[in-house]
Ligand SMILES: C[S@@+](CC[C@H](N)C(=O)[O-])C[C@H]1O[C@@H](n2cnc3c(N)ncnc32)[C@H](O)[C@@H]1O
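In structure tokens, one chain follows: the form predicted on its own.
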């Protein structure tokens, strides 16, 4: 599907303003494919016609749908299993040791998409239940997309999704097969609070997190927005708290508040000895 330069600029500007992500030249190819269903549903003949609608003042719902369609919501249970092994064997035991007096654990799953990462975390903690007996555990899972958050809150997944990343034993122990799909057990979902939130915005909840997972969320952010996001993440973390990024992401040169940990690539600790990154970068446009 052909996409004109002017239409591409409209869509790229909308996506960056709403989410912080950039539609770089090597990603322009996916615009037509990503938006084909939206065009059909709204009776639009082309991406150019969509772009014309998006510059109208009353395009709110259509703009939200366009942004949702352009986002990459790829996720699956226990994605990058070795990173969950690092959490189980290194990160969580140290948090348990440091926080043994308060016995309260807070985790933030950023860019949670349809919820598989948050449920994987809840399953991991459930399988370590002896270590966390008597603890208060809260997992906050956020995404900029209203649509995926609505899906995540239901906790129902088709067969091919529960088979992707889960063993048969995990499916049996933590899910119930229903006509509409596989339903995550209530005990897992009670630990998770889903919310719509943009990582570039400050959190309204002032309570800090012991562990933040922000994996493969910042890959398509420009440098200024990426530095701003790292600042927001550091703001939300307890001193000495942990941050886990995706395998292709790094905070090097963008935040002196996050110090790489040698336990795994993409693993950081918060250090508040240095100044805030927001003092050193030009603020990006506020994402809505």
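Numbering follows the first chain given and starts at 1. Predicted, not measured: the structure shown is a model, and the values here were computed from it.
As for the form predicted together with this ligand, it is not shown, yet the points below apply to it.
Of 122-130, 177-185, 194-202, 155-163, which is the one stretch near this ligand in the predicted complex, taking non-hydrogen atoms within 4.5 angstroms as near? Careful reading of the contacts points to 194-202.
Within 4.5 Å, heavy atoms only: does residue 71 come near this ligand in the predicted complex? Contact with this ligand, yes.
Using a 4.5 angstroms cut-off on non-hydrogen atoms, would residue 110 count as touching this ligand in the predicted complex? Answer yes; at least one heavy atom of residue 110 falls within 4.5 Å of this ligand in the predicted complex.
Is residue 170 close to this ligand in the predicted complex, meaning a heavy atom pair under 4.5 Å apart or at it? Result no; residue 170 lies far from this ligand in the predicted complex.
Residue 216 versus this ligand, in the predicted complex: is there a non-hydrogen atom within 4.5 Å? Although this ligand is absent here, residue 216 would touch it in the predicted complex, with heavy atoms inside 4.5 Å.
21, 79 and 144 each touching this ligand in the predicted complex (heavy atom, 4.5 Å): Every residue of the spot touches this ligand in the predicted complex.
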